[in-house]
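This document starts with one chain, in the form predicted alone, laid out as structure tokens.
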Amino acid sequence: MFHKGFFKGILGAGVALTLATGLPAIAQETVKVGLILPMTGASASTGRQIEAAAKLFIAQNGNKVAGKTIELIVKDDQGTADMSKRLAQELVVNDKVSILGGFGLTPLALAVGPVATQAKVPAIIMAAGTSMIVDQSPFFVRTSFTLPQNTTPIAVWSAKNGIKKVVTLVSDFGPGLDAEKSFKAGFEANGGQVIEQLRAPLANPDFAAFLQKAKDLKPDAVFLFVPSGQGATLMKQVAERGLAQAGIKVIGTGDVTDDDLLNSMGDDLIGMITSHNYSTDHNSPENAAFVAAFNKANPNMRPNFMAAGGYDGMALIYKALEKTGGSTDGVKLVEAMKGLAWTSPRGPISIDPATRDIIQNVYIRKVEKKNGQLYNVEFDTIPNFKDPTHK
């Protein structure tokens, strides 16, 4: 039998060690992950999707990994870059987070880059799609997509399927400019011609005048990109302008036919062709299980590509912590993330060790009605596609 003073002595030594090293005895067993998301404002659907998917991943996989407890802290940046940066600073300094994530729009991610770099905290891009984001900090790692990655396939497909002249209409910010440039490059390299490039303001956009101008130019098709959440407004105005009746095809990236909002857009979208990295309708066992679990946890909410980015963002964090044995050293975590590969609800994905960007399948899809609901139904696949702007 141990003397009752034995445990008292051991405990006393533990407290003395903790005070001497300055390390909290319990807190270091918790890994805090700070998600900075637009939970209110024009991009609120993005925040809701990523938060729901991150919480679902933890519910399915448990809140323990490599002997550590995962604690999720969600902050609303209201879609403003200044707020994103301030929240990142507070999460790092006050909350002592080991990992940041989220970032619903490109300006929000870019605002956080200097904070992540200075604090050496990995920042997982779960939404924002401008190609150059990952170049702005060695601690950025992306699980979403890039616009060149999602745009180039529809450009090539269009040129090879009888579309000769196109007008492009994009939101006037980083991803939109990426989409515009990538579409033109891919389309014209395959024999097409972009006859006009139109840009709508990101904030409070009214697309009517741009769509009328596009219609008056009589192209074979209009290529569209707007960020997640703005597709319903855009497509309502597309219908009002009568592009289909004028014989003008409407094509775009899957941001426009966002699964979260697709059913509210109406049957005018049936037949629209887009390219993208995820559809709720993706046919795989992993996606069937993901959609069922997501719907059960979030009734009347369909997972979209932002949910896929959030879900895989948490998977990346868990896999990296397993690889480091629970170490939260930022440099070690980023190194652990490079080259990781797994099967996601969207298909096979991996993190390019050279760029820290995502490699994934991109799908050509058509809007179809199934069981009374609209879906982006995939009919072609470009496998393991890298961002084409990263050499």
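In this text, all values refer to a predicted model and were calculated from it rather than measured experimentally. In this text, residue numbers run from 1 along the sequence as written.
Only in words, not in the display: the form predicted together with a small molecule, which the text now covers.
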So which of Phe305, Tyr311, Phe223, Phe187 reaches within 4.5 angstroms of the small molecule in the model of the complex, heavy atom to heavy atom?
Phe305
Can you work out which of Thr280, Ser171, Ser137, Ser228 has a heavy atom no more than 4.5 Å from the small molecule in the model of the complex?
Ser228
Val238 versus the small molecule, in the model of the complex: is there a non-hydrogen atom within 4.5 Å?
no
Report yes if any heavy atom of Pro175 sits within 4.5 Å of a heavy atom of the small molecule in the model of the complex; otherwise report no.
yes
So in the model of the complex, is the small molecule close enough to Gly104 to count as touching (4.5 Å, heavy atoms)?
yes
Given that the small molecule is not shown alongside this chain, does Pro122 nevertheless sit within 4.5 Å of it in the model of the complex, heavy atom to heavy atom?
no
For the interface check, one of 112-120, 127-135, 93-101, 189-197 should have non-hydrogen atoms within 4.5 Å of the small molecule in the model of the complex; which one?
127-135
Taking Thr46, Leu147 and Asp255 as a possible spot, do all three reach the small molecule in the model of the complex with a heavy atom inside 4.5 Å?
yes
